[in-house]
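First, one chain by itself: the form predicted alone, in structure tokens.
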Amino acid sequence: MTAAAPAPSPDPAEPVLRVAGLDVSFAIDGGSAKAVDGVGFQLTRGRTLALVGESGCGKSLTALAVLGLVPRPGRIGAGSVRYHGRELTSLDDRALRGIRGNAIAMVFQEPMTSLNPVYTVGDQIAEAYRLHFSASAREARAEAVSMLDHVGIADAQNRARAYPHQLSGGMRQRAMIAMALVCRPDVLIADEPTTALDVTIQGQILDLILAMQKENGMAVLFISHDLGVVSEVADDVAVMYAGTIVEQTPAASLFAAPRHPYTRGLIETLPGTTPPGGRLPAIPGVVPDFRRRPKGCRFSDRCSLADGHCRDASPPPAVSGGAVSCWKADAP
């Protein structure tokens, strides 16, 4: 059997996926507004980059853009998405279907809206396998059962015959991971994969993703609003705010010495960072609507350090490791 994925990079240190200057725009009132603006990052084999930020920052839209799945009327206005050097933004939908689920796979945050309710989970995993490999129905079915067993679902043979509503939330998420990994992708995008799961199941899902990464050497883009979860899984972190990346650095550096005021605010809101009985801090205000963002720094209207320059001039985005998009970076 022959996979449809491009050949892996001969140099494991080279990025598997490189995103640069990515813009996603939506038409509004005769013009357009950027929901994602100048985003850049790279994924390396065997490492996890966490993309973090509050809801509405553009994290999920960035992931969809990587796969060419931006919902209409949105569109990729500029930028580059390169998989092993191959530009994906210029591919037609047929060519992209050969990439999605095969070379680059995605686990969505809500499996009940991602799994088809009228097909068994085994049939859906088998279909994903047959889509990219020259496999018979029997071979694909056997692979689906094997993958369900591999992700820790007991009695996989019978569970493969179950419909999504017959499985628990944790099992459905494991089935989604099985579907994403059945073709052994180079890149896994995990979009809030533990949302709505209890703490015990959440830990099991995180452990599963890390174990599969270690086994397959995947590059992982882990999307989350929860820095507590990110601290457990990420090698590198890109902090996103109002459509752009404001800080990008190794995880150890970010948690030891965050440089952007927004990053510091996120970390200060983590439980355990305040004395017992103290009030948990909160970042004032809300993420601005992408149609009505501040003129200068997008965080200026929520930042206690902002001055006139911050409000008038936008700092360049943080597009590489160790970069920060802030005129007041490292200020006390």
Partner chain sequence: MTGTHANMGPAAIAWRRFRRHRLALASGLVLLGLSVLAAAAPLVGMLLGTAPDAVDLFSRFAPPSAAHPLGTDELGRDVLVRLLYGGRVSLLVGITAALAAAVFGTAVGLLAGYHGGRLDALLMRLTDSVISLPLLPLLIVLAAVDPGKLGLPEGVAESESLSLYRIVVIVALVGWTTVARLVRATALSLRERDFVLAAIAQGAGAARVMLVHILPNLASPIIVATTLSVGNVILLESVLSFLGLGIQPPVPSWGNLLTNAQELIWTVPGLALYPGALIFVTVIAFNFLGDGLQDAMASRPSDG
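Positions refer to the first chain, counted from 1. Because the structure is a prediction, the values reported are computed rather than measured.
Just so you know, the form predicted together with its partner chain exists too; it's not on screen, but the next bit is about it.
S.K.: Quick check for you: of 257 to 265, 130 to 138, 193 to 201, 244 to 252, which stretch puts a non-hydrogen atom within 4.5 Å of its partner chain in the predicted complex?
M.R.: Going by heavy atoms within 4.5 Å, the stretch is 130 to 138.
S.K.: Heavy atoms within 4.5 Å of its partner chain in the predicted complex: does residue 112 have any?
M.R.: Residue 112: yes, in contact with its partner chain in the predicted complex.
S.K.: Please check if residue 214 has a heavy atom lying within 4.5 Å of any heavy atom of its partner chain in the predicted complex.
M.R.: Result no; residue 214 lies far from its partner chain in the predicted complex.
S.K.: Residue-level contact is defined here as any heavy atom of the residue lying within 4.5 Å of its partner chain in the predicted complex; does residue 176 satisfy this criterion?
M.R.: Residue-level check for residue 176: yes, a contact with its partner chain.
S.K.: Can you tell me whether residue 69 touches its partner chain? I mean in the predicted complex, with a 4.5 angstroms heavy atom cut-off.
M.R.: Within the cut-off, so yes.
S.K.: Can you pick out, from 306, 283, 287, 64, the residue that has a heavy atom within 4.5 Å of its partner chain in the predicted complex?
M.R.: Exactly one listed residue reaches within 4.5 Å, namely 64.
S.K.: Its partner chain isn't shown here, but in the predicted complex which of 116, 80, 158, 146 has a heavy atom within 4.5 Å of it?
M.R.: Contact with its partner chain in the predicted complex is made by 116 alone.
S.K.: Relative to its partner chain in the predicted complex, which residues of 155 to 172 have a heavy atom no more than 4.5 Å away?
M.R.: Residues within 4.5 Å: 163, 165, 166.
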